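Only one chain is given next, in structure tokens, and it is the form predicted on its own.
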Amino acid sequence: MRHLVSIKDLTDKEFQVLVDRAEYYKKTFKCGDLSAAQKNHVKLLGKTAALIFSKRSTRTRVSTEGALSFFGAQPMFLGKDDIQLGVNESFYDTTRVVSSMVSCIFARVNKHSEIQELTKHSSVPIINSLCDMFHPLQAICDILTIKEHLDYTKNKLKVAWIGDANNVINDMAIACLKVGIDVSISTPSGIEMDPEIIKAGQEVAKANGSKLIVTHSSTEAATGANVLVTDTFISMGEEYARVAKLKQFQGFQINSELCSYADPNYKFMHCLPRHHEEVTDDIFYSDHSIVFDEAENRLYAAMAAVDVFVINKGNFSAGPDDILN
């Protein structure tokens, strides 16, 4: 059984399949063809899917429920106050029970170890919808968004990450390198990327003729960049350290001065929700910003994951018109 845990677990070809499949379902979804909608709606008709969410969510919940409904499945949202997971019942017991009743589990949890426990004991595919180490669905949608606006298949691109060393860049960096996009990661002094991610990224970069640069200089990372990306400086659960974190991230706000180092036709991305300390309004709402296209593409990334991991049971060779019994 295949689970979607992180982008580094996928081959380059498998990741590209997910991006292409997201692009395919976006066209299908937006074309307004009723026969196409009916054809896809029966693929999981009569099935249920569990959304085990330990963290709040806007885009992940809406996109996941939308994707499952598109294929005819009934999504069941199971928040941290709805089930016994990790409270009065072990991960093993809950996973065995829930997975016996559903066709897949989307899990938005705290620790990566929780995703690992779910994949270890589940009888159905687990799709990582965020943990403290990875965010693969976001990476799929980000690469689709970059392809739509700058087409990495025809242009050599550089993506600059200006911000924290977190789950989003862990997957996005590997994703970019897999499709030949150079990546420059800038984090404040004292914040380092996970060594395993750097090692994996360097291996992927070498295989694909792309570059991975890690620095503590925001201007170095931004220089010549085609895409500037940031994320929250204060993750959920870190609110207690707000004052210290904001001090540490001084000089890392994406503003007009920092953007002047980038390519004149640069694009700005952010997975949302966004705060002013991360990016100024004049950049966030500018013509350079593609954040809302990026957010919409979360729906099609979820559709791609459902198609490959649930409908086609992890068979990346199966096309969108194939349904494996």
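Computed from a predicted structure; not experimentally measured. One rule holds for the numbers: they count along the sequence shown, beginning at 1.
Below: the form predicted in complex with a small molecule, not depicted.
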Determine whether any heavy atom of S57 comes within 4.5 Å of a heavy atom of the small molecule in the predicted complex, and answer yes or no. yes
Is K267 one of the residues lying within 4.5 Å of the small molecule in the predicted complex, judged by heavy atom distances? no
Test of understanding: in the predicted complex, would S218 fall inside 4.5 Å of the small molecule by heavy atoms? no
Would L272 show up as a contact with the small molecule in the predicted complex if we use heavy atoms at 4.5 Å? yes
Please pick out the stretch from 245-253, 184-192, 133-141, 155-163 that is in contact with the small molecule in the predicted complex, where contact means heavy atoms within 4.5 Å. 133-141
